[in-house]
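Quick setup: one chain, the form predicted alone, written in structure tokens, and binding and motion questions come after.
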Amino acid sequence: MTGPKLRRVVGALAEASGMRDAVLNELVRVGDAGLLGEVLRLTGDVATLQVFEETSGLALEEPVLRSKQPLSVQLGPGLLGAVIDGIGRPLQALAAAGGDFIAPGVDASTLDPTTRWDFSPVVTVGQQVRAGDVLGTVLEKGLVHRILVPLGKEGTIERVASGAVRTDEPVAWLLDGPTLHLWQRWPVRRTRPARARLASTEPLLTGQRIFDVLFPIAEGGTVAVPGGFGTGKTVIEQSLAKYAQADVVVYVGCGERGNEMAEVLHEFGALVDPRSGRPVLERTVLVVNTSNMPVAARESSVYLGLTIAEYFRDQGYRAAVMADSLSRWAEALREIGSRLQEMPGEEGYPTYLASRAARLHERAGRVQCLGAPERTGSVTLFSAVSPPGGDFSEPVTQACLRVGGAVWALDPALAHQRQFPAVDWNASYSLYAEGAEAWFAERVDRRWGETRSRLLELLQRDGELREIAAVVGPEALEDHDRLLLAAAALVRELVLGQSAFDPNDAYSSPQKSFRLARAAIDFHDAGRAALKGGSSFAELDVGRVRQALAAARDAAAADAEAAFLKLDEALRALGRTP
């Protein structure tokens, strides 16, 4: 046989000779089994290949077939609700082809070519189209899926299809040009272009009070969620997938345990979108690359998830990517770097870890899309980080902190105290808060910014006083300090604390979040006025306010107004002696 052949295999890496004309990131088929791989490095006519599958059984001199194409993914109708691996193969199709364990070299198209979709064209014969223009629409699980002209293709419409069309059939024909299909292909490591990047000023509402009030995230922003084992990262991501104001969710399970991903699949299947009443899984794409899968595909899975999110962004939708976790992605970089004998950086990670993390985060953003009609879309990135031992000074966490627009730091001590979400308000921050303040002031209440500042000030002072109270006892504190501790306790437990399993409290609207937060501030202000008027802290009816605040938090939507009226009454009566 002539052509490229294997000359060396080391774990997930292989070397092949006869590859002088190859290019970086070119997709290849390795060995007689046809394992999927990618060109990682070129030295003369020898190419170092990153193999996305288990390399056991490969032998020297086996052939290597070049595709002359980079690792790409099919984008089109059929993605919503799909469960795919780190290189875009649907797991259901792989199971049907080879059983519960992925067989070496097995391949499957991301989209089922035989599925028929009801295509409604919006272009007419003789119309000039360019990259990004909308050809027509397909209704997919309640979402209007816009079929776009692929990048690099333009011309005049000669003929256009209508009605039931198979995925592999053309939907439009161009004069003296190519045919256009329902799907298009895009390299996962290449950012999809847009007409212009827009400022991220509108918040992406999450329904979680601690995020929306204290640390808001902008539409198209990036959030790092560092936290050790058991701090609630997965529950937070499930709550975001269900309640965040995103049209499409792409969940990337990068290097997580197989049983944990099985639980995520089970939980996502049971979640119901409160806005549409349909299963959350119908607007979710799950990219699964568990810890027992080949490490090389783990590195590509995050790029795959971002590419899918950018595709829905280009249709004019708000896409949210949840990468769980970037620590496993960085570990894949470290393992591949060590096999390439690259110079290690801190803790063995490659020296380019920070730049790779930055490029990953730069793919998020809010944009004006290519093509007509005019539309805007966004990709918001939530990246979970699992620092060993909860040490936020380790390289992966620090790399994400440098480029993230917001940080929601999870504290195991708060989790042990049953404070959920277990977000450390002292270590967390958001660079989007100032820009989002105008939006909240216009649509919710003009006192939003002041209330947020007062809450943070209250919590900071509370941390200082609790250290003193732990030494001398709370009874030894002055009355105004005891009042502050009581107000901060209301904030921690009833305002910021939120149950993901309570149907009335799992989601909190901006209006409800503000009223609860403002009630805690009003309690502190009314209590200070009562103390100045001669009352003692013992005379303040703190219990009544606490009970009324808890009732307002847990009230159903129909009973909320009555509950808040009782809360206002309790605040007005604060300090009155019998």
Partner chain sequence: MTTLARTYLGARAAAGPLVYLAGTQRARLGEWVTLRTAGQPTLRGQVIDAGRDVTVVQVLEDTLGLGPAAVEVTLTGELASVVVGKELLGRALSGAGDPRDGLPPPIGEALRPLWGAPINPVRRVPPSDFIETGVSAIDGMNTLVRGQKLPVFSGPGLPALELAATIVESARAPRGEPFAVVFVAIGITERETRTFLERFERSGALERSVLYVNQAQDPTIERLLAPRAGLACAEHLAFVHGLHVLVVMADITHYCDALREVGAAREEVPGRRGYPGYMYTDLASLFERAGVVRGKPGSVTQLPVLTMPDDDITHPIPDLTGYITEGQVVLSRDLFRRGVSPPIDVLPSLSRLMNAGIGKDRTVPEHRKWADQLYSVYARGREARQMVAIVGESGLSAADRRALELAEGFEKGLVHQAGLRRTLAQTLEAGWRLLDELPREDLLKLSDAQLEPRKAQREAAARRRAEAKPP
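Positions refer to the first chain, counted from 1. Please read these numbers as outputs of a predicted model, since none were measured by experiment. Heads up, when I say rigid core I mean the largest set of C-alphas that superpose within 1.5 Å between the two forms.
Keep in mind that the form predicted in complex with the partner chain is missing from the display, and what follows is about it.
Only one of the listed residues (Arg185, Arg257, Arg278, Arg166) places a non-hydrogen atom within 4.5 angstroms of the partner chain in the predicted complex, and that residue is Arg257. Think of it this way: in the predicted complex, the partner chain has a heavy atom of just one of Arg546, His524, Arg29, Arg518 within 4.5 Å, and the residue is Arg546. Contact annotation: the partner chain lies within 4.5 Å of heavy atoms from the stretch 226-234 in the predicted complex, the single such stretch among 150-158, 226-234, 430-438, 137-145. The closest heavy atom approach of Leu6 to the partner chain in the predicted complex falls within 4.5 Å.
Contact annotation for Arg283: none of its heavy atoms lies within 4.5 Å of the partner chain in the predicted complex.
In the predicted complex, the partner chain sits beyond 4.5 Å of every heavy atom of Arg443. Although the partner is absent here, Ser56 sits close enough that one of its heavy atoms falls within 4.5 Å of the partner chain in the predicted complex. In the predicted complex, no residue of 157-177 lies within 4.5 Å of the partner chain by any heavy atom. The Cα position of Leu58 differs by 2 Å or more between the shown form and the other one after fitting on the rigid core. If you fit the rigid core between the shown form and the other one, you'll see the Cα of Leu414 move by less than 2 angstroms.
Shown in the overlay between the shown form and the other one, fitted on the rigid core, is a CA shift at Leu360 smaller than 2 Å.
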